[in-house]
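Read the single chain below, which is given as structure tokens and is the form predicted alone.
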Amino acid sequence: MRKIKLAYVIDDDEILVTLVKIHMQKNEAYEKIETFCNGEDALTHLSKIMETGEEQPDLIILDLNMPIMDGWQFLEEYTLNEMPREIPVFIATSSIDPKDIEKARTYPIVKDYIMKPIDQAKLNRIVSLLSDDNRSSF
């Protein structure tokens, strides 16, 4: 099983983030988790690690509906940055709007569209997709 050394969770729902962290801590594939409550905070942090050469995350779990900078705005800004390596993004949302799913497909870095809540099975699916040559699954 592939190890995820560092995962970013970008979501403003504190309860959901806590649950995801608990699931990740119980899952041997996930080693370290960092959380951000909006896309702007995450982008600022990503910019800093690019400057300092710190460890990049192995994946980003991204909510779509957040204050300050939502998931779509994050994706737009993120794709303009030149990261040393591509970080796969997994959208985690409660939106079942087909337009959101289609829009997510237009971003090559988005590997899957996951319905909330996130549980062990969904975390295992993420690991499996990352082990499968980073292919999209939706």
Partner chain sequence: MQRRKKMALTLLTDVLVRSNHWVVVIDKKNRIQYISDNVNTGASVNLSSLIGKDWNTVIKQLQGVEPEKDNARGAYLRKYPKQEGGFRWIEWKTVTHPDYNLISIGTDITFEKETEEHLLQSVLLKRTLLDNFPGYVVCKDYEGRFLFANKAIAELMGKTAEEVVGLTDRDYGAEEEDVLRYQRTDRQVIESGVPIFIPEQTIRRKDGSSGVFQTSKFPVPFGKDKGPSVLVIDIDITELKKTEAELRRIQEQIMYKTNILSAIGKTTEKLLTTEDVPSTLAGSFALIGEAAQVDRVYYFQKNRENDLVSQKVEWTYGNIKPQINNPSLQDMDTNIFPDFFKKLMEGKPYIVVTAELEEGILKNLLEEQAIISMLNIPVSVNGVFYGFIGFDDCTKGKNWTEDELSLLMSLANNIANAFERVENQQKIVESEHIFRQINETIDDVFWLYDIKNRKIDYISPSCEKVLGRPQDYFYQKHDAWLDYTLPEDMELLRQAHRDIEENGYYEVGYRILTGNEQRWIFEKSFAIADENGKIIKNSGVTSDVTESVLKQKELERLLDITHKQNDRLTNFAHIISHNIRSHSSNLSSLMTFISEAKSEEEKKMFMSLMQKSTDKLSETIKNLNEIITIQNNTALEKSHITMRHEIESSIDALGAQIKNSGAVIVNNVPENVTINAIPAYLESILLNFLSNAIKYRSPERPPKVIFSITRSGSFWRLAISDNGLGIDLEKHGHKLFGMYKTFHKNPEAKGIGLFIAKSQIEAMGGNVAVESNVGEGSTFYIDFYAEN
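Small disclaimer: the values here were computed from a predicted structure and weren't measured. Positions refer to the first chain, counted from 1.
The form predicted together with its partner chain exists for this protein as well; it is not shown, and the discussion that follows is about that form.
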As a check of understanding, the residue in 97, 28, 55, 51 with any heavy atom within 4.5 Å of its partner chain in the predicted bound form should be identified as 97
Check your understanding: Within 4.5 Å of its partner chain in the predicted bound form, do 45, 76 and 108 each have at least one heavy atom?
Key -> no
*Applying a 4.5 Å heavy atom distance criterion, does residue 112 contact its partner chain in the predicted bound form?*
no
At 4.5 Å between heavy atoms, is residue 35 in contact with its partner chain in the predicted bound form? no
Margin query: Against its partner chain in the predicted bound form, would residue 125 count as a contact residue? Criterion: heavy atoms within 4.5 Å.
Written below: no
- Item | residue 80: touches its partner chain in the predicted bound form, heavy atom cutoff 4.5 angstroms | no
Of the residues spanning 6-30, the ones with some heavy atom within 4.5 Å of its partner chain in the predicted bound form are 13, 14, 15, 16, 18, 19, 22, 23, 26
